[in-house]
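A single chain comes next, written as structure tokens; it is the form predicted alone.
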Amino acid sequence: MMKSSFQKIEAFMEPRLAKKPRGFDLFTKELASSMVRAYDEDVKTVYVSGYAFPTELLWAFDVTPFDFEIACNNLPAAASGNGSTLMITSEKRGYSRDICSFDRLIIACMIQGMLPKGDLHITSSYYCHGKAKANEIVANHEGKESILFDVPNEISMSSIEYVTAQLKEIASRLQSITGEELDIDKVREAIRWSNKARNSLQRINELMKSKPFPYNPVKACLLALGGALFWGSPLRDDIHQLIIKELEERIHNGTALPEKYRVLWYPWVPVQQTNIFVTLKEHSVSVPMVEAARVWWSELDESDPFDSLARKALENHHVGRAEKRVKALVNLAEEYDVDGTIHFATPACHGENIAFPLVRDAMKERGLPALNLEGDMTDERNYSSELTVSKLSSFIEILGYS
């Protein structure tokens, strides 16, 4: 079922791209193609959270990165707002609805035998502890070990050395499953491609500052998270170049949608269909920046690749003290000249939800209202369209007075 869904997406996107190449369409097609490859028995598949691991290292080997979180959320049921039809399978096995809907969805797909085999399972200590546990459950189900990529909460010489050592150990594991020796020149090549894509993403970030906003915030966020699998591949820059062309054309032709207010959105957008962005559009509210969509790491140094990749992981704003992330969000609010901020709060993201008051207070000091918009990424049972309209309407009214 899962593989056939990706094959259908791939087949749908090919003629669309042939007719008119678009950046997000290329991303969608290549993501589906990558997921289809993961089912090939002759391919070495590495389970990984692309947005929480320096995937440049993977592109130095002949492996296919597979993010089951991204994959499962692309299933028709999850994307259309019927994710619970799959989650019920895991809930009947005792996985409580208090667990993140992503994890219940993943485990349900595992139980139903929908996931591809994994030759190596890597998960990370930051962003989401629940996914680390879900990865462990999937790995154990296959009789495999789950490797935890542990990133400390501070940047120091000792923490850089610690993370670097882990990356080298993971490289050793990749050598074992592929039968290939590590080619440091391939790692450096992946870093060169990553730096090139980083530069083009910076250009996109600059274009997103334009008034009115010329892009789609949902696409920007989905590309940031799902497209993280392509850091280190030339494909990532190819996608960016197409998007840059599209944005420059909209700005030049004046075809961007009119805007009355601008808001900063964080941390990610729901996967299931909601009425959130339709409501914002109806009130001429644009979202010129979604937290996940910006460049937050330093340029990588190909002369010292493992040290550089370790620093990239440590620089993530979801690693370390909450104040670091709060400061980054405040800077984004100022940089993109927004009138307020919206935090999409999902029930199981406890650490994320606890951090909201810190962000709210920091924004309040700058005269920016902050909305805590409750919902769910994939479970329609935890989402109310009526409550969403009510909260957004009140928030937009406040924007008019601020």
Partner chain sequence: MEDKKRIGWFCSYVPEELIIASGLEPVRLKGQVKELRKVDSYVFSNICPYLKNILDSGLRNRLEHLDGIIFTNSCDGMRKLYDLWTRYVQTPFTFMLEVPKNRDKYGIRYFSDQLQALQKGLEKTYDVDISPKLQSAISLMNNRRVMFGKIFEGQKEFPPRLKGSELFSLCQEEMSSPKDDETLKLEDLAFKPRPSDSSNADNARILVMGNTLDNPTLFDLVENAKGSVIIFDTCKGLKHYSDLVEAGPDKIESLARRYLLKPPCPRMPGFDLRIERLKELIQNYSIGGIIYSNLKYCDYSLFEIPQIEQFLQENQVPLLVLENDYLLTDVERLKIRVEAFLEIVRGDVL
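Just so it is clear, the model here is predicted, and its values are computed rather than measured. Residue numbers count along the first chain shown, from 1.
Although it is not shown, the form predicted in complex with the partner chain is what the next lines describe.
Of the residues given (G130, P116, P270, P214), G130 alone sits with a heavy atom within 4.5 Å of the partner chain in the predicted bound form.
Contact with the partner chain in the predicted bound form, defined as a heavy atom within 4.5 Å, holds for exactly one of Q175, N140, Q202, T85, namely N140. Here the chain stands by itself, but in the predicted bound form one stretch of 313 to 321, 244 to 252, 292 to 300, 204 to 212, 313 to 321, has heavy atoms within 4.5 Å of the partner chain.
In the predicted bound form, the partner chain sits within 4.5 Å of a heavy atom belonging to P152.
At the 4.5 Å threshold, heavy atoms of G351 reach the partner chain in the predicted bound form. Among residues of the shown chain, R360 is one whose heavy atoms approach the partner chain to within 4.5 Å in the predicted bound form. Not displayed here, the partner chain is kept clear of F306 by more than 4.5 Å at the level of heavy atoms in the predicted bound form. Residues from 152 to 169 that approach the partner chain in the predicted bound form with a non-hydrogen atom closer than or equal to 4.5 Å are P152, N153, E154, S158, S159, E161, Y162, A165, Q166, E169, in the order they occur in the chain.
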